[in-house]
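Given as structure tokens, the chain that follows is alone and in the form predicted alone.
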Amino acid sequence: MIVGDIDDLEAATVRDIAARKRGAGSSSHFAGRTVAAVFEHASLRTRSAVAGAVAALGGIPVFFAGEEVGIDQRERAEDVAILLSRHHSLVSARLRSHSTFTRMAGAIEGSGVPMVNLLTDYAHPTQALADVMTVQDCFPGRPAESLKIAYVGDSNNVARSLVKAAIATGMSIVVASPEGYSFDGDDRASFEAYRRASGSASTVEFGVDPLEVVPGSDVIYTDVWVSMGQETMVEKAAAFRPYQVSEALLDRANREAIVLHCLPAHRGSEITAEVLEGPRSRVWEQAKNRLDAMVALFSMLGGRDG
């Protein structure tokens, strides 16, 4: 199975992971087996989560730095994937370009070896699984359909996967981004297609003014303004300054609203230190859930025959 983004998973699987119905605790899914993880980008939470998840499932993680692999320099992306699929029981990768992931996945599709996207410039599905898990943890007893997420900031890879995870679980979501940084028509069409295919009651909305989208929300979510080194802060700062998650913005949300950030955070830029470290921040629970979500996903994939 190839997991390039959330919509490669059945909505029921996403719901089960969010509700901790899969992969709870340790098991022997990968006993005596290895899992490959290629990292073209620096990583803390994802690398730690991969290591912990594979160990919890009885396996051994094997890490490869991008510079030592030399994808499309020393060897074609396809050749790297084929080799790893012959050595390991699961292949995962954090890559600069989603097209590289697509090529690698295509080379081993049908081999019986799963491949998981650990982050590309297009998607971050393992983060989104942890996100919806965190939301449900923080609102026990609330049906997912009653919850609303307000994502404030760049319509980037994190936001794209988050929207799909919200759809899969039935949560509603509204995305507020500056003009020129919002999801285009193709993305919006893909969200609607996934919503229809999932039979989801979720609503997906888009706005420009964060002050207008935050009221009524249970979750305020933000991410760094500069993703994957694509632009300099100077080029974005002016457009994104009104999108900072501050106490004033948080006060417009529901009284019990929480704040999420996928980290690392730039205090004083996309979020103030007071909010990030305040009583309604759940960023460390969210970061902890990166491990729990990875265990659940790898457990599900390790139990498949192809």
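Don't overthink the numbering: it's just position in the shown sequence, from 1. In this text the structure is predicted, and so the values were computed from the model without any measurement.
Quick note: we don't show the form predicted together with phosphoric acid mono(formamide)ester, though the next part is all about it.
_The unique member of Thr134, Gln127, Thr169, Ser92 whose heavy atoms fall within 4.5 Å of phosphoric acid mono(formamide)ester in the predicted complex_ = Comparing distances to phosphoric acid mono(formamide)ester in the predicted complex, the residue within 4.5 Å is Gln127.
_Contacting member of Ala239, Leu276, Leu263, Ile60, with respect to phosphoric acid mono(formamide)ester in the predicted complex [4.5 Å, heavy atom]_ = Exactly one listed residue reaches within 4.5 Å, namely Leu263.
*asked:* Please tell me whether any heavy atom belonging to Thr272 falls inside 4.5 Å of a heavy atom of phosphoric acid mono(formamide)ester, as the geometry stands in the predicted complex.
replied: Taking the distances in the predicted complex, the answer for Thr272 is no, it never comes within 4.5 Å of phosphoric acid mono(formamide)ester.
*Might Ser43 be said to contact phosphoric acid mono(formamide)ester in the predicted complex, defining contact as any heavy atom within 4.5 Å?*
Contact with phosphoric acid mono(formamide)ester, yes.
*Which of 119 to 127, 202 to 210, 83 to 91, 106 to 114 has heavy atoms within 4.5 Å of phosphoric acid mono(formamide)ester in the predicted complex?*
Among the listed stretches, the partner-contacting one is 119 to 127.
*in the predicted complex, which residues of 270 to 295 put a heavy atom within 4.5 Å of phosphoric acid mono(formamide)ester?*
The stretch touches the partner through Arg290 alone.
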